[in-house]
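The chain below stands alone and is given as structure tokens, in the form predicted on its own.
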């Protein structure tokens, strides 16, 4: 038992409650948020690998107390309570998400004189829910925290007070009323067929053929869970609403929301792969949605004149690379997908915060009304440009390493067309971003452009610099994470 593991969830929940209670006392709220916020990545580094059984229900201990007629049965091995599993892969993703959340909160404080306790409450509750989703070993518990994450995303949009934010929040909520129940219904089919919602139990029952692997309950359950997964990640057909969600939040909120989506996608993607990878056309279905996300994401971003919407669609397209790695289904491709997910959390956060400084200065995100901003803060402009290169997969950044792994994995698996598609999409991302960068920073400043702030807060520059450093470190030394991802991927297949 490692009692630091539940603290990864407890600390953000505690932070959410405290900042909400002290709403209106800005100094107190800021101090509490920063102190408790930095604890999440610190605990992620300090916690040792292990399993946390809640309620003292360790199956090996419970077996001795079972009736004699149940000791040697399948029931004796079932997990009867909530289990959290913390390994090095969870350490990496929780650390990165914690750093992004901390920097986003820091940026929020620098740009807003009066801070909102409810807004911070939503951020911390969302952080707690995605961490719990990653740690949880049963799919029903994952569903509960997924719903909390979805609600906090809606709340963050509403609390952002941007144009049309209520409309987008309502649309996302309505779609959630479809995607969430579909996911729960799929879990119900699994429970009805297996008798347990614990992932290890489900795998044990299926692999030992205690139930028919191709039974209707399991196949229908997979189809419904796949639908819920598409909604949680923002893959087609939910890509339009997901991109709208990112574009209607504050830039610091968008950075966090994208991280939430990546972790939801990752947690359910790994769970689906563990449980359903044997089903025919499993990989084909994932690849189809991956291709749609990549193509639609970059195509729609190329047509955008609003840089927030452009980044949002690019973020959706990048999710397609993650799905593609899972769809190819080899050890190297899954490791590449995990690496891409880690990079996505950092790079997209950097771009939302970095380009968000333009919105902070001008109160507009329409690239047709912008220009000449490189003269305001050339350091920020250069860092944003480098962030775009990282997103497109330009060396020596981390995006290059993960996409190179993915292309190599596709070629090794015989998917030459997918490798070519990944390269083409990356090239389109590069030109789309360079065009937006030119319009915002390099073209002449329009005479009607007015500035609502004189300069970018130093804290915002600091946050973007930290994220850029992480991109460089992971690009130059990818083995920091690949040494964890490759063995984990090998254990999945």
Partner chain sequence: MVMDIQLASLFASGALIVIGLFAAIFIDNIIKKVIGIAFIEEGVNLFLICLGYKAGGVVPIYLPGMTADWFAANSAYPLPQALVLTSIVIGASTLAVMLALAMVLYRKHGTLSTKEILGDEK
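All figures in this text were calculated on a predicted structure; none of them were measured in a lab. Numbering follows the first chain given and starts at 1.
Same protein, other form: the form predicted in complex with its partner chain, not shown, and the subject of what follows.
Of the candidate stretches 348 to 356, 98 to 106, 152 to 160, 120 to 128, only 152 to 160 has residues with heavy atoms within 4.5 Å of its partner chain in the predicted complex. Residues 389, 453 and 465 are none of them found to lie within 4.5 Å of its partner chain in the predicted complex, as judged by heavy atom distances. The listed set 87, 185, 277, 382 contains one residue whose heavy atoms approach its partner chain in the predicted complex to within 4.5 Å, identified as 185. In terms of contact with its partner chain in the predicted complex, the residue from 140, 204, 273, 400 that brings a heavy atom within 4.5 Å is 140. Residue 167 belongs to the set of residues with a heavy atom inside 4.5 Å of its partner chain in the predicted complex. Shown alone here, residue 91 lies farther than 4.5 Å from its partner chain in the predicted complex, counting heavy atoms only. Within this chain, residue 189 lines the site of its partner chain in the predicted complex, having a heavy atom no more than 4.5 Å away. Within 4.5 Å of some heavy atom of its partner chain in the predicted complex lies at least one heavy atom of residue 144.
Contact annotation for 170 to 207: residues with any non-hydrogen atom within 4.5 angstroms of its partner chain in the predicted complex are 170, 171, 173, 174, 177, 178, 181, 182, 184, 185, 188, 189, 191, 192, 195, 196, 197, listed in sequence order.
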